[in-house]
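Take a look at this single chain, the form predicted on its own, given in structure tokens.
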């Protein structure tokens, strides 16, 4: 059964009661639906990274609640380690946290801390490596011999090996080329589908969000200002642009074609949908020829 994560009226302040006090979150409420991929988007400084660090208890709200299947994760602080096994958090550039002698040992670190036996740990290491597309012959190599993209996949596999019910990723494809980005996001979607996991992805790429996310939560100036499906959110192009965000490039292309007189839909957010629309128009044109 999938796990739901909710944020209720959460506020957080850095350096409280000092001249450097700064509000990072202000009365934030949102729900990350069970078994779905939700994109969390917003300009730099909007509060996204602060929020994701609260989702597994790394930061504690000044007020409000983080509810995991309806229960406040802070109701028993001594149980937070169990919460962190259930809610896996992948930081931006997680490859900088690799430290073991082999890829296999790095992926196994989390499952070992869970107290699992050797056979179970080995099975989870191989399963996680398969999810992220790491070949078996890489498992005995040093992670420091790998490429940047491979290191990223090792780090993510280390979280997947704990089989979290909720997977939270902060800019998981930052700095990667298009093929690397697709590999990472395909791995996340494969895990989500196989485990019926709830996934939360922080990203600045509207193209990635349009392709992979089923819902979006938009933040601006420490608050949630929009939540809905990608279709619902990207239709608010003017509002997104006003807070320093954008719509997918293909949407801008379709909007421009419409401005030039082509009777095409502008509520299109993926290349696949644009292709279907152009083929539809082409077929219609041929019928009228």
Partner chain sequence: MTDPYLQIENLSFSYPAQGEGEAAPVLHGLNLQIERGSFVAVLGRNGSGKSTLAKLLGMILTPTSGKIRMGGKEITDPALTEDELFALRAGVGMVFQNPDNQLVATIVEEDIAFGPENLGLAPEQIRARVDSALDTVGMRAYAKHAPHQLSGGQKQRIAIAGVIAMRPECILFDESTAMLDPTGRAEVMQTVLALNKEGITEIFITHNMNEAVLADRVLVMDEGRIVLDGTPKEVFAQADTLRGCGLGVPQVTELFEVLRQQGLPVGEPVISEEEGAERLYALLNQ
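Between two forms, the rigid core is defined as the largest C-alpha subset superposing within 1.5 Å. Numbering follows the first chain given and starts at 1. Note that the coordinates shown come from a computational prediction; the quantities given were computed from them, not determined experimentally.
The same protein has a further form, the form predicted in complex with the partner chain, not shown here; the description that follows concerns it.
Not displayed here, the partner chain is kept clear of residue 265 by more than 4.5 Å at the level of heavy atoms in the predicted complex. Not displayed here, the partner chain is approached by residue 177 to within 4.5 Å at the level of heavy atoms in the predicted complex. Mapping the unseen interface onto this chain, residue 244 counts among the residues with a heavy atom inside 4.5 Å of the partner chain in the predicted complex. Proximity of residue 22 to the partner chain in the predicted complex: non-hydrogen atoms within 4.5 Å are absent; the residue sits far from the partner.
Across the options 77-85, 116-124, 201-209, 187-195, residues that bring heavy atoms within 4.5 Å of the partner chain in the predicted complex belong to 201-209.
The partner is absent here; in the predicted complex, the one residue of 236, 223, 60, 252 having a heavy atom within 4.5 Å of the partner chain is 252. Using a 4.5 Å heavy atom cutoff, 260, 278 and 285 all lie near the partner chain in the predicted complex. After superposition on the rigid core, displacement of the C-alpha of residue 60 between this form and the one not shown stays below 2 Å. Core-superposed comparison between this form and the one not shown: the C-alpha position of residue 279 differs by no less than 2 Å. With the core held fixed between this form and the one not shown, residue 36 has its Cα displaced by under 2 Å.
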